[in-house]
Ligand code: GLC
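What follows is a single chain, given as structure tokens, in the form predicted alone.
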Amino acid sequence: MKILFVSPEGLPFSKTGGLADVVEALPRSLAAMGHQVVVLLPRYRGNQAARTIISSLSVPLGQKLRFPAIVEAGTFEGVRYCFVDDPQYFDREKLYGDQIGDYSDNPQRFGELSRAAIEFAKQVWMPDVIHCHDWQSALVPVYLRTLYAQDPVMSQVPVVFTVHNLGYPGIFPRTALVLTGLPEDLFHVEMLEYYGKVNFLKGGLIFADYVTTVSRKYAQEIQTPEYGCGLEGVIRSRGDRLVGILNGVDYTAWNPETDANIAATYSSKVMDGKRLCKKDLLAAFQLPSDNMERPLIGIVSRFVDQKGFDLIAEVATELMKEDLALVALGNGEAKYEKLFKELAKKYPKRVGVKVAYDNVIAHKIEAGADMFLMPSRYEPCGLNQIYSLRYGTVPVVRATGGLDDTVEAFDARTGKGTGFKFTEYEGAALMKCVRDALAAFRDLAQWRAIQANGMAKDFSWKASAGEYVKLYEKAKQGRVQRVAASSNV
């Protein structure tokens, strides 16, 4: 099968979050299964191209024409990578916005990406299915089923649209319809209109052949008012076309037996190296070695409300009354960056923080920490808790989305379970969960059992990639039938 991925970011070229990891790992897993895969991305600053495929592609955008180039980056692990090359739109310091906020021309930027993707398919490489990701490529199915509805070739191409995080829907003023060249009649509550504005992600939900989310639990949650971001009705209406497929992880990059970023390798059978990793992690955060006997909690995250940092702020003083150490890596909202800096200042021997994103330090935290804290308000899938399981770093999480799907609550009576979970989004519930984990840590045999249970889990991409292939085939068959039926009317 020929599969075209359209995404605003993807490793090894661009990244702001977990989407980039998925757009690297899933295509490579599909390629390993024998499928032909092309990934189409914007060419951001610093992305190197190997050759030009089309020097000037005519892309209608509102009342104007844009002329981006299509360039090829190369083929890596069986996956071909191409860029939409428009320096005016994409050669910027950041992907989606700057310190002031989101770029004001994001509708045009990602409208161009979506329209260029369709023209790429027509002129360069015709796929059997197009797989789009998040709001930035949500206009692909919208364009296909409106402006390209009478195209005898493109009307037969199905689209699978994956929602990685419903909390980022791409909402713009009504003028976005004109700027992206979409029909005015789409400004309707049954279409893209959303409280007087235009919602790009809503368009993907409505016009895609199938909608997927990145965990089964999240697919259920986004159909409720609590998690649906005002789109729960739309999502419920597509319930027969909504599928939750858990993200996998790349164990070639995240494996304590082979990880070159950590102080010592180790396995579930020989755990000695993990203690060396803890010592190295403490040194990296300039924390004293007397923390070796304390439980060390690690955090790698964006410092935002979604990730539960309001809960952490609520219980920070109470948390530090426990005999534990804490290291945190990440950046985000200023109030949470300030929170961790103040904790590090108040408890300099037990709290370390690095306000940044550093891949090597992230690996060191996964390997060296005893526990990994993820108290998210919502979490579509989450990857760090899965990494933590493989590294014998016990997850302490809220039972939401992919966290609930991947972490099994430990039961001391049966010895089963891989971590600790709480349900109510309350500081008291978080503290009880942490204290349960601390109590288990004091029982060495029990702790080793929890670690072993987690390290035995397999969340590799192979099973998830197989589920996507089945969905692609179903989407292709359904699209052919739908086109045939419409032609007979």
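No experiment lies behind these values; they were computed from the predicted model shown. Note that residue numbering follows the sequence shown and begins at 1.
Although it is not shown, the form predicted in complex with this ligand is what the next lines describe.
Looking at residue 307, you'd find a heavy atom of it within 4.5 angstroms of this ligand in the model of the complex.
Using a 4.5 angstroms limit between non-hydrogen atoms, residue 375 is distant from this ligand in the model of the complex.
With a 4.5 Å cutoff on heavy atoms, residue 25 does not count as touching this ligand in the model of the complex; it lies far away. The closest non-hydrogen atom of residue 164 lies within 4.5 Å of this ligand in the model of the complex. Only one of 368, 256, 204, 382 lies close to this ligand in the model of the complex, with a heavy atom inside 4.5 Å, and it is 382. Exactly one listed residue, out of 117, 214, 235, 130, brings a non-hydrogen atom to within 4.5 Å of this ligand in the model of the complex: 214. Heavy atoms within 4.5 Å of this ligand in the model of the complex are found in exactly one of 259 to 267, 164 to 172, 388 to 396, 407 to 415, that being 164 to 172.
Looking at 15 to 33, the residues that come within 4.5 Å of this ligand in the model of the complex, counting any heavy atom, are 18, 19, 22.
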